[in-house]
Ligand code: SIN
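Below, in structure tokens: the form predicted alone, a single chain.
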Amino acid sequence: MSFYRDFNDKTAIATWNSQERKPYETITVTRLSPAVGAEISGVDLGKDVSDAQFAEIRRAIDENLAVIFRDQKLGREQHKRFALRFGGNLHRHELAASKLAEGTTYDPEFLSWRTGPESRFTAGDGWHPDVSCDPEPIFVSLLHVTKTPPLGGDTAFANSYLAYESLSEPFKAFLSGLTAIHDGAEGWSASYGAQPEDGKSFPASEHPVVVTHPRTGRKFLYVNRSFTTHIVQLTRKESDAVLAELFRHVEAQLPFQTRIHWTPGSLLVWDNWATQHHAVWDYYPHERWGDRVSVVVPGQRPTA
């Protein structure tokens, strides 16, 4: 790594850590790393969350990007009810039925899965934000893991603000105005072997390489190895070279990341635009089951 890149990394991290964080009055927030992740306690999500508590939860997500609530007794309707507090509509995933966990009743507003010794892959085993191929990608995801392995099965997160802010100024200027294609076939057919229903195709969308967050106004890097196929304004060779560097930049920078450890009864909520995550499959032959509900805000598309 060059001195200049190393200097940018340190400057970005210092700026991130120096941002003002007001104390919380209705919840307790314990940060899991300097870059991303926090644990929230003092909330029972099985009951109605007060407006004051929810406002602080929302602020904790803006500040920490991914938050986990432990020891929650949460049914499916309670899971969806809490998700709807974030506004918008509940997402219906293209693969919801094909990844249905054994013994689980189908609900199109849930993405459910079961990873076990017979599985060829696990959901999310690669760096990505969820369904960046959609025209209006998922804004907030809420994951409840219902069965955990005795050891392992963490979810890793990367801070996409830091991924952008640590780039050199000339590289930022070069990326400004570029757009990239995000293709569901890349994520689901190439990775999982999944095929769309007859007469249909998986979604593909064009999004800016650098996006401005609608809540915080901060810029973040919005390309990922799972869905992004090419940068529209570049030749294929140029695009492959630039994307390879950006993918490595997100995936290899440990100071931008954390690993969140699962315990039974936990609910993980994250900003799906300003992060990438990776489900770590290190628990074979044990099992990991989960249910995800996600929120899409109508009309909210990534913009530069």
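Don't overthink the numbering: it's just position in the shown sequence, from 1. Computed from a predicted structure; not experimentally measured.
There is also a form predicted together with the ligand; it is not shown, and the following applies to it.
The candidate spot formed by Val211, Tyr222 and Arg301 lies out of contact with the ligand in the predicted complex, as no residue has a heavy atom within 4.5 Å of it. Across the options 80 to 88, 117 to 125, 230 to 238, 171 to 179, residues that bring heavy atoms within 4.5 Å of the ligand in the predicted complex belong to 117 to 125. This chain lacks the partner; the member of Tyr161, Phe202, Trp113, Phe139 within 4.5 angstroms of the ligand in the predicted complex by a non-hydrogen atom is Trp113. In the predicted complex, Val29 stays away from the ligand, with no heavy atom inside 4.5 Å.
The ligand is not shown here, and in the predicted complex it never comes within 4.5 Å of any heavy atom of Trp273. For the chain shown alone, Thr148 is not a contact residue for the ligand in the predicted complex, no non-hydrogen atom being within 4.5 angstroms. Taking non-hydrogen atoms only, Cys133 never approaches the ligand to within 4.5 angstroms in the predicted complex. Residues from 133 to 150 that approach the ligand in the predicted complex with a non-hydrogen atom within 4.5 Å are limited to Leu143.
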